[in-house]
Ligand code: ISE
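In structure tokens, one chain follows: the form predicted alone.
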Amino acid sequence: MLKVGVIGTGGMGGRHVRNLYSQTPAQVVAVMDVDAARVQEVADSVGGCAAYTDTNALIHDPNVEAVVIASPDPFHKAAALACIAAGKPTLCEKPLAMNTVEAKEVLDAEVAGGKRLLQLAFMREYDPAHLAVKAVADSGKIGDLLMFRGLHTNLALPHARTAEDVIGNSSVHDIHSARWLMQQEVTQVYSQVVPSDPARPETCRLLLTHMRFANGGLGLIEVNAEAGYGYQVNVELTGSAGTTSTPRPAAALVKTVGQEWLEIEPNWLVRFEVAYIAEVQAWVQSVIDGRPTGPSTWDGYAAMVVVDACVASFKSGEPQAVPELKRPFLYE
């Protein structure tokens, strides 16, 4: 039985703890959070395990064989580097780091070690709706892929989000989906926003990113950070012989006086519930088998390179070239 430690016990970390405990052949032997009361409550929920308030203490616990990083974004890089140095397989929530320079540090550390240890938690690769689109694209039924379209909506938060946050925290998932489904690197981006507050141009309620891929294909990502009606993620691929798009996730059809509607998920934890389970199951099995699978550190780094180009485009108001990337042999 794989012995796993989980860093961060908030919404995402708590979900990982529950899924590891109930859905995999793994044992949660340690959890970490700066909130001592919450971390103890989570430890008790899995029958009791070590409870830490220090990240390094969990990573270096000799009883911990593998790690899940679900702490707030600014702490991902340091935790990932510590896990690599300790030689422990790790599932790391996105983003890999806060910018390309930091992400490159993690990439270089893993390459220097000569062994894939990190998997990035781009859970859409395990979502049945996305997998259905991927299967059609890979089958060749719609011919050569010409265009990617992605729609991503969120309920409004109590406070306005910045454009950099929407790009780096939300759109990074769509960027990875575009690379994964098109099987091409992005070469150019042009990002524009509609601000939440016209007096604060750094804010963002709607983000639109145009992309060009290495094969000449096009992409369009729309992220509505204040949709007001719910959480949705849909993709569509246009090919030379047809199109394919994500089917609507199972939802109740409701009919009442003069109305008919389908319910929409309130957040990502509900929308991707099945994907989160499949993701952690696949990760645990890959660690047990000793064969890394799933999104890699390279995917996390490549996505951050595109994120930085999108931020630069937003700030300059002009299209931005994405640096050409050379994939290290470790990820071939």
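What you see is a predicted model, and the numbers here were worked out from it, not measured in a lab. Residue indices: 1-based, along the sequence shown.
Beyond the structure shown, there is the form predicted in complex with the ligand, which is absent from this document and is the topic of what follows.
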| query | finding |
| --- | --- |
| Contact flag, residue 231 vs the ligand in the model of the complex, heavy atom cut 4.5 Å | yes |
| Residue 176 within 4.5 Å of the ligand in the model of the complex, heavy atoms | no |
| Residue 235 within 4.5 Å of the ligand in the model of the complex, heavy atoms | no |
| 4.5 Å heavy atom contact, residue 298 and the ligand in the model of the complex | no |
| Region of this chain that lies against the ligand in the model of the complex, out of 163-171, 142-150, 239-247, 98-106 [heavy atom, 4.5 Å] | 163-171 |
| Whether 94, 154 and 268 all lie within 4.5 angstroms of the ligand in the model of the complex by heavy atom | yes |
| Answer option from 123, 82, 181, 129, heavy atom within 4.5 Å of the ligand in the model of the complex | 123 |
